[in-house]
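Only one chain is shown below, in structure tokens, and it's the form predicted on its own.
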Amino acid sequence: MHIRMHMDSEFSGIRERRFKITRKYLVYVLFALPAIAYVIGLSIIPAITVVYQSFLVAGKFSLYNYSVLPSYGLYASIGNTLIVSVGALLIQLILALAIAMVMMKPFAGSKIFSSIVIIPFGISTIVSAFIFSLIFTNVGGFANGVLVAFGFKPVVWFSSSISDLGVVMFSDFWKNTPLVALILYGGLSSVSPTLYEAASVDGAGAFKRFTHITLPAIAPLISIALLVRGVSEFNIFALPLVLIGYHPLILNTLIYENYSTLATRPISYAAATVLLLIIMAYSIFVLKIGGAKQYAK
């Protein structure tokens, strides 16, 4: 009888703990419901609708919209998007890592330096695009002014597809590097100084400490930064639209150009689906090899 009462008491305690845990998670879910509703209503449902509409021609299922996409500049726009996105990401990552490592060092004016670093990220995309359009103006632009001051000839910045994409890439990494720097700074801040001290005692130089301590420690955050910024890079739109217009095309300007008329709107749906597939493939790739899974654990 005593044993049975003891077992009933234990079971009662387990049920009570389970109820508390369930209630706690239910509260978390309730707080998350607005965000979940936002994502479902403004992201998932529209995405599914666009994918579905991309396969319709006169109300019937067809691959026609995809078959004509190459004639609208699909391959060139994919290549241009990859050039801008991958190039800007690499520059952002390298420059942001250097900035984050400088921010880790205590020095006079470090707070001012950190504040200046963050400024570009706070500027509106349209405003920064307009500023860079003035900087790279062929006559009277700041970029050519600097070149002339150092004895070089002025450059016609918007003279070819490569230079056009280069201007977009430069403008993009200038604006978004601070976000990556802040993410990496958080990772560097979590690395214990004792690890570096122990490595120094063992005779490890600066390069070995960087490759064997710093990089492995911040690898998960690098993958998160690449994921967050990579998705945004593939969705880049305002900067190229202001700086170079519709030529050379990138995927989002191709989508917008065809969406503006009813006759070509299904073509824009197909191009948007292609962009979605590219973003999904990139995200899976980063999550697969980038260490975000280990970070989540």
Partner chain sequence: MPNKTNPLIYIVVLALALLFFYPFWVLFLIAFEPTKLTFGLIYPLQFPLEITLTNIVNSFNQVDLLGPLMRSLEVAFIVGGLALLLGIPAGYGIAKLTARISNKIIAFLFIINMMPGLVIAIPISLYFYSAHLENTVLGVALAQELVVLPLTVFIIMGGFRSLPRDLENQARVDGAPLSSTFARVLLPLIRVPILIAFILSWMTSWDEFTYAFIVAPIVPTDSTFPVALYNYVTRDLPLQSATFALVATVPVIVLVVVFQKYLKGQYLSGGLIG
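Take the two forms, find the largest set of C-alpha atoms that superpose within 1.5 Å, and that set is the rigid core. Just so it is clear, the model here is predicted, and its values are computed rather than measured. Residue numbers count along the first chain shown, from 1.
FYI, the form predicted in complex with its partner chain isn't displayed, but the following is about it.
K.L.:
Establish, in the model of the complex, whether Leu134, Gly140 and Ile224 all lie within 4.5 Å of its partner chain, using non-hydrogen atoms for the distance.
P.N.:
Every residue of the spot touches its partner chain in the model of the complex.
K.L.:
Given that its partner chain is not shown alongside this chain, does Ile183 nevertheless sit within 4.5 Å of it in the model of the complex, heavy atom to heavy atom?
P.N.:
Ile183: contacts its partner chain in the model of the complex.
K.L.:
Does Pro34 reach its partner chain in the model of the complex, with heavy atoms at most 4.5 Å apart?
P.N.:
Judged by the heavy-atom cut-off of 4.5 Å, Pro34 is in contact with its partner chain in the model of the complex.
K.L.:
Given that the partner is absent here, does Asn235 sit within 4.5 Å of its partner chain in the model of the complex, heavy atoms only?
P.N.:
Taking the distances in the model of the complex, the answer for Asn235 is yes, it comes within 4.5 Å of its partner chain.
K.L.:
Should Tyr259 be counted as a contact of its partner chain in the model of the complex, where contact means heavy atoms within 4.5 Å?
P.N.:
Flag for Tyr259 set to yes.
K.L.:
Only one of 158-166, 122-130, 80-88, 211-219 gets a heavy atom within 4.5 Å of its partner chain in the model of the complex; which is it?
P.N.:
Only one stretch qualifies here: 122-130.
K.L.:
So which of Ala58, Leu63, Ala263, Leu42 reaches within 4.5 angstroms of its partner chain in the model of the complex, heavy atom to heavy atom?
P.N.:
Of the candidates Ala58, Leu63, Ala263, Leu42, Leu42 is the one lying within 4.5 Å of its partner chain in the model of the complex.
K.L.:
Could you list the residues in 252-287 that come within 4.5 Å of its partner chain in the model of the complex, counting only heavy atoms and keeping sequence order?
P.N.:
Residues within 4.5 Å: Asn252, Ile255, Tyr256, Tyr259, Arg265, Ser268, Tyr269, Ala272, Leu275, Leu276, Ile279, Ser283.
K.L.:
Superposing on the rigid core, does the Cα of Ser114 end up 2 Å or more away between the shown form and the other one?
P.N.:
No, the C-alpha position differs by under 2 Å between the shown form and the other one.
K.L.:
Would Val231 count as moving between the shown form and the other one, using a Cα shift of 2 angstroms or more after superposing the core as the test?
P.N.:
No.
K.L.:
Core-aligned, does Asn138 move its Cα 2 Å or more between the shown form and the other one?
P.N.:
Passes the 2 Å threshold, so yes.
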